[in-house]
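Take a look at this one chain, the form predicted alone, written out in structure tokens.
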């Protein structure tokens, strides 16, 4: 990995030299058609260097926060959340390539989130293969920091659904346009999860823990493909809705041709929506449900069913010149989110199981340009333990920024 970092370090001086020589130009985002969540990976502000066939881009996120739980705080912290690089290329008229490499928390985690080839056969039938971002929900694909007015990613999209989730596989996708409507679909077969979803340090069912399998780019733990599909509909005036599902087997049920266990399924379902009211207030949300076939005798902290949701409201307060930024915006924003990690009751007592969290996040954002956002959030959440004892109360201020480059 150090050779990769060295290559990047050596690459950027060349980029700056090209910029000084006016050999660099920005690829404009496509605003001529209805852009859907499935389009956002290619609809980014890329740069082309000279006559190179490769376009590059990226974004970064950083923030500071002061948080406390039940009156106890660890104090003030700076955080460098993410540094992400995009590389894309139009190999020929109907063959494209895109990759996304993400560095989290400095270099604590380095993930290849997307590296796929698109072969365009017809607007409604296109082939995609490589490292694919599973289209479960909307946030998993539309996750770039500069697009959001909140510092933290939604809990339901990261702890119920394991965004960002990528796997090796193949599939098809397409779109159909009719007047003000756009219909899109995606269908992929990929490698799936492993037993880490129920054998992890979180001590709960966790698809997010299951995505960290270092072997997932080489083999499927179960020997069976995982299927992910999504259908979305967007109206130019009313917004977009999407339905998606992800189905697979997570356990190693056969060893050297001998059946050693039943096939244990894992499934996730999501409904997402986004709309704008009176051309101003933007409402974005997602609801997700996860179901896992647990081994008999599993401890009660492992839930067979989980669900969560989030709703974001963003209201523009001002559009115009601020500090000589001619096209700046100031927004008020509010997020409601909930995640239940163990739906059900205790077998012995029939009492309700806890392990849930409810969060509200009011805040403000300042966008000096369309590619940069400064964010001020106040987080407050209530978190129950497994036994539904009085909730732990966590609150605090966060200030940060995210920008494309």
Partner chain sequence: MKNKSLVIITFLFLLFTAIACEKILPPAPADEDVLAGTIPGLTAQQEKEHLIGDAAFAKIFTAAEGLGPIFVQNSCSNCHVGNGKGHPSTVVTRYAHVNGSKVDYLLSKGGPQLQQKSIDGYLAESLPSEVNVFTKRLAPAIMGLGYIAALHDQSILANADSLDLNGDGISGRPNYVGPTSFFIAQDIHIAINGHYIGRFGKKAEKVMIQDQVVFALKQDIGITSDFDMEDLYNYELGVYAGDNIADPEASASFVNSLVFYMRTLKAPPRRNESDADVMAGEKVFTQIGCASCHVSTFTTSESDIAALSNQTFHPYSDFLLHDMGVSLDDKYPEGSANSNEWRTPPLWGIGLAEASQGGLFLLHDGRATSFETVIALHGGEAASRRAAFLALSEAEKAQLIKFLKSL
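Residue numbers count along the first chain shown, from 1. Keep in mind that what you see is a predicted model, and the values were worked out from it rather than measured.
The discussion below concerns the form predicted together with the partner chain, not included here.
Contact between residue 302 and the partner chain in the model of the complex at 4.5 Å, heavy atoms? Flag for residue 302 set to yes.
Please run the contact check for residue 123 against the partner chain in the model of the complex: heavy atoms, 4.5 angstroms, yes or no? Judged by the heavy-atom cut-off of 4.5 Å, residue 123 is well away from the partner chain in the model of the complex.
Is there a heavy atom of residue 383 no more than 4.5 Å from a heavy atom of the partner chain in the model of the complex? No, residue 383 sits far enough from the partner chain in the model of the complex that none of its heavy atoms falls within 4.5 Å.
Indicate whether the partner chain has at least one heavy atom within 4.5 Å of a heavy atom of residue 259 in the model of the complex. No, residue 259 stays farther than 4.5 Å from the partner chain in the model of the complex.
221, 364 and 393 all contacting the partner chain in the model of the complex, non-hydrogen atom within 4.5 Å: Yes: each residue has a heavy atom within 4.5 Å of the partner.
Please pick out the stretch from 70-78, 144-152, 281-289, 108-116 that is in contact with the partner chain in the model of the complex, where contact means heavy atoms within 4.5 Å. The contacting stretch is 70-78.
What is the one choice in 376, 54, 62, 358 with a heavy atom within 4.5 Å of the partner chain in the model of the complex? Of the listed residues, the single hit is 376.
Consider the chain as shown here, without its partner, and state which of 195, 187, 208, 85 has a heavy atom within 4.5 Å of the partner chain in the model of the complex. Comparing distances to the partner chain in the model of the complex, the residue within 4.5 Å is 195.
Can you tell me which bits of 302-335 touch the partner chain in the model of the complex, meaning any heavy atom within 4.5 Å? 302, 317, 318, 321, 322, 323, 324, 330 sit within 4.5 Å of the partner.
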